[in-house]
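Next comes just one chain, in C-alpha cells: the form predicted on its own.
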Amino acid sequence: MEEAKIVSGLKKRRRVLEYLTGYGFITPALIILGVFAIFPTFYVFYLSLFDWSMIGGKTFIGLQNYIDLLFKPPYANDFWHAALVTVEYVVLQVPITMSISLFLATLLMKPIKFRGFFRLGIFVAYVTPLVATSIVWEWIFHPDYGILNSFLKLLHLPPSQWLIGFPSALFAIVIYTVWHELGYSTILFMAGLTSVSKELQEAAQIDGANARGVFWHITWPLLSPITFYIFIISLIGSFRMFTPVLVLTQGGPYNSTTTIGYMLYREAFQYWRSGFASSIAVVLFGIIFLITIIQFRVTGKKVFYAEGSEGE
C-alpha cells in the first residue's frame, strides 16, 4: 500500500515537472507574442476611443471616431474612396500574382537548364526590402527616362504617364507588387507540386489523359490546400498594402492610389490624429476578419484534403 502511494506520488511529480518544462520552453515565445502582437492589438482598440494627437493628454470621445469615419463627411468620403481603391487593387493584384506564380512554379518544376538560377532570381525580389525596390521601380516607371516607356516605344505603342497619370498609377502599383510577391507564391506552389502523387499522375497518363487532363483532374485538386493558403495570405497582405504607395505615389494623383493602409498612415503621422487612425486600423481589422471568415465558409469547402481529412 505504501509502495503504491510512493509510485503514484512519483508519477504526479514527474507529470508536474513535464508541464513546467513545457511551459518553460514556450514562455519566451508567449512573452514576445504578448508584448508585440496581443497588447498592441488591444491598445489600438483602446486608443480608437480617444481624441489624441500623440502629444498631451487623451480626451475620451467614445465611438465618435467610428461615426466620423463611417458616416460623417468629409472623413467618411475619404474612407469609402480609400476602401474602393483598396478593393480595386486587391481584385487586380491577387489573381494576377497567383496565376503567374502557378505558371512559373509548373515551369520551374521541369528539368530545364539553369533552373536553380531562375528559382533564385524569382525569389530574390521577395527578400529585397520594399523601399529599395520601390525606388528602383520609380525610375523604371519614369515617363521620360523609364525602361517601360522605352519598351512601349519599341512596340510603337503610346507612352504612359505611369505613376503621375490616372488610372495608370494604380496599375503601376499593381505591376510592382505582382513582381515583388511572385517569389513567395511561386516557392509555395513549387512546394505544393512536390507533394502531388506521381503515381496518380502516371496512372492518369496510362488511362489516356493528356497533360492538360492530368493537370486539371489530378494536379489541381491535390494542389487546392496550398492554393487556398496562398489565396488567404495574399488577400490579407493586399488589404494592408502601404509601402509601395508611400514611396511611389504618396496616394496620388488625385487620391487614386490612396488605400486604407496609406490613409491610416496619413492620419497618424501626417495629421497626428492617432485616435482616428486607430479607428481606421480597427475597421480594417474587422474587414479582413470578415472576408477571411467568408472565404473559409465559401472557398474552404471546395478544398480537397487527401487521406480522408475534413474539407474545413
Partner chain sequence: MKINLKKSNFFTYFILSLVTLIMVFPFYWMIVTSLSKPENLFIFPPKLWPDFNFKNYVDMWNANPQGVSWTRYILNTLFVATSTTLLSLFNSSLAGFAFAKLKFPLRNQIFMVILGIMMIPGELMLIPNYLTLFRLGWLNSYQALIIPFGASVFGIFLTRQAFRQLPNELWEAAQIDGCSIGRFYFNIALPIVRPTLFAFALFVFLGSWNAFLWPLIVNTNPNFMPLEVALYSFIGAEGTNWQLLAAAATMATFPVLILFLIFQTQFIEGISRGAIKG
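Between two forms, the rigid core is defined as the largest C-alpha subset superposing within 1.5 Å. Positions refer to the first chain, counted from 1. Since the structure is predicted, the reported quantities are computational estimates derived from the model, not experimental observations.
Although it is not shown, the form predicted in complex with its partner chain is what the next lines describe.
The partner is absent here, but in the predicted complex a heavy atom of F242, alone among F215, F242, F231, F171, sits within 4.5 Å of its partner chain. When you look in the predicted complex, the only residue of A125, L157, L84, A76 with a non-hydrogen atom within 4.5 Å of its partner chain is A125. Relative to its partner chain in the predicted complex, residues V35, S150 and V247 are all within 4.5 Å by at least one heavy atom.
Shown alone here, V282 lies within 4.5 Å of its partner chain in the predicted complex, counting heavy atoms only.
Although the partner is absent here, I226 sits close enough that one of its heavy atoms falls within 4.5 Å of its partner chain in the predicted complex. Taking the partner from the other structure, its partner chain in the predicted complex has no heavy atom within 4.5 Å of any heavy atom of K198.
P28 belongs to the set of residues with a heavy atom inside 4.5 Å of its partner chain in the predicted complex.
This chain is displayed without its partner chain, yet in the predicted complex the stretch 129-137 from 91-99, 76-84, 198-206, 129-137 comes within 4.5 Å of it by heavy atoms. Contacts between stretch 276-292 and its partner chain, counted in the predicted complex as any heavy atom lying within 4.5 Å, involve A277, S278, A281, V282, L284, F285, I288, F289, T292, listed in sequence order. If you fit the rigid core between this form and the one not shown, you'll see the Cα of R266 move by less than 2 angstroms.
Core-superposed comparison between this form and the one not shown: the Cα of I112 travels 2 Å or more.
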